[in-house]
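There is one chain below, alone, in structure tokens, taken in the form predicted on its own.
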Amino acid sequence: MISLKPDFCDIEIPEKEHYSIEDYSSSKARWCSGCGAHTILHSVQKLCTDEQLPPEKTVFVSGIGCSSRFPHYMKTYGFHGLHGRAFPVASGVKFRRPDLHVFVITGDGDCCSIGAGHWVHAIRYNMKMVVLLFDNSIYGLTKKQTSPTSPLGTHTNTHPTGSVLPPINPIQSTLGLANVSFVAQTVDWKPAHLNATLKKAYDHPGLAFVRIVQRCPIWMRENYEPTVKDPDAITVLNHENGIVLEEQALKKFRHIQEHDPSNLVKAREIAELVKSTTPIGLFYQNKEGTRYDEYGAHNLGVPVEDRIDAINSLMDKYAI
């Protein structure tokens, strides 16, 4: 990543007085009708508008899957990479260009299967970026194959008699990783909570991991329709330091649980509730965690002449 010199970005780009949501909208999204990804896309574009993020300083990085077409629909910089490799690409960008706003878009297969190793270390590096895990518990792009988060017994093309392994719990897994600093969960069909969660994640100084429980109306309709229609299926985590909803929006939820997001042990206990209900809100936040992008930024801005002198000084040590 040493070729990503900040000097290359000294092109003067006139700033607009105000960015509208159209400034972040690219081509028409080609997800299935009713897919939760449409709602997430709109919420992210709303976040960019609210925060007035310059499109030329905003980057969306994805791997492979339905969710990972996301960068194509944002009129910003984007990288649609290899399966499971969104994290190292995004980490490289942030390491050398800490001034950019970096988002990672990944799916349950992309993150929790082939990209699991990178997921672990991205959490540990804790660089400032927002990670959005689109979790519909199925490989939709390959037409209904079992994913790492498919509920036990799910009938798929790869397990026609039902999946045989218990699913990964992305919230529980992330809470168990070293240097974790922000873990939240929301659902795509509650836009007020989704918007508030994205805002909280963007404001976090380190890596913000957000699992978004997402509807797949084609391959997993039977899994999410009961949750969408049943008000008892969701429990809202509420706290003044958590995801704060307006009073009117909070009244739409039947079950509310007070939870201090600084309590990691309690967060892990609540993450287990996913077996009986869907808890949404901020599970855990630590703003003081070590950030690897701060280490990477220490030599930015060093003049070219000084870099050459440093290389020559190093090479002189090996002169014969």
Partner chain sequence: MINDKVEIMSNNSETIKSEPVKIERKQIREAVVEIVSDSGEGAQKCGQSLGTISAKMGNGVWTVEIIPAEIRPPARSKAGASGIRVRMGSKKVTNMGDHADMVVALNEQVLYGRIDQNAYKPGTYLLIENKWATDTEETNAAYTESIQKFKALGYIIHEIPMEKECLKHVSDPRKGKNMWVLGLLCNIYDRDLSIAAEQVKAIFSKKSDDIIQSNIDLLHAGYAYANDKLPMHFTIPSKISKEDFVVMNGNEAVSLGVMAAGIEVCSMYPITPATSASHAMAEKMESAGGLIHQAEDEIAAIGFAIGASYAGQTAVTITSGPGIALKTEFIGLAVMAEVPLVIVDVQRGGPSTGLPTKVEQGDLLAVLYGAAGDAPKIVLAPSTIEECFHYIILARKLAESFRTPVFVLTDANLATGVQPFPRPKIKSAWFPDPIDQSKWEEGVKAYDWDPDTGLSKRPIPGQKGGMYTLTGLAHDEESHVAYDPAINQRAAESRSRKLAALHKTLKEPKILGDKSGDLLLVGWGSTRGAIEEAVERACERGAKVSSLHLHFLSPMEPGLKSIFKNFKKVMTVEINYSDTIGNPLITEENRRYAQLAWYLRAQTLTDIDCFSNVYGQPLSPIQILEMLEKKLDLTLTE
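Residue numbers count along the first chain shown, from 1. This is a predicted model, so every value here is computed, not measured.
There is another form of this protein, the form predicted in complex with the partner chain, and it is not shown here; the text below is about that form.
- Remark: of stretches 235-243, 171-179, 94-102, 209-217, the one touching the partner chain in the predicted bound form is 94-102 (heavy atom within 4.5 Å).
- For the candidate set H121, H159, K199, R221, a heavy atom within 4.5 Å of the partner chain in the predicted bound form is found for exactly one residue, namely H121.
- Interface residue among T76, N195, S163, S137 relative to the partner chain in the predicted bound form, by the heavy atom within 4.5 Å criterion: T76.
- When the partner chain is considered in the predicted bound form, L82 lines it closely, a heavy atom lying within 4.5 Å.
- Looking at R291, you'd find every heavy atom of it more than 4.5 angstroms from the partner chain in the predicted bound form.
- H259 falls outside the set of residues with a heavy atom inside 4.5 Å of the partner chain in the predicted bound form.
- Among heavy atoms of V89, some come within 4.5 Å of the partner chain in the predicted bound form.
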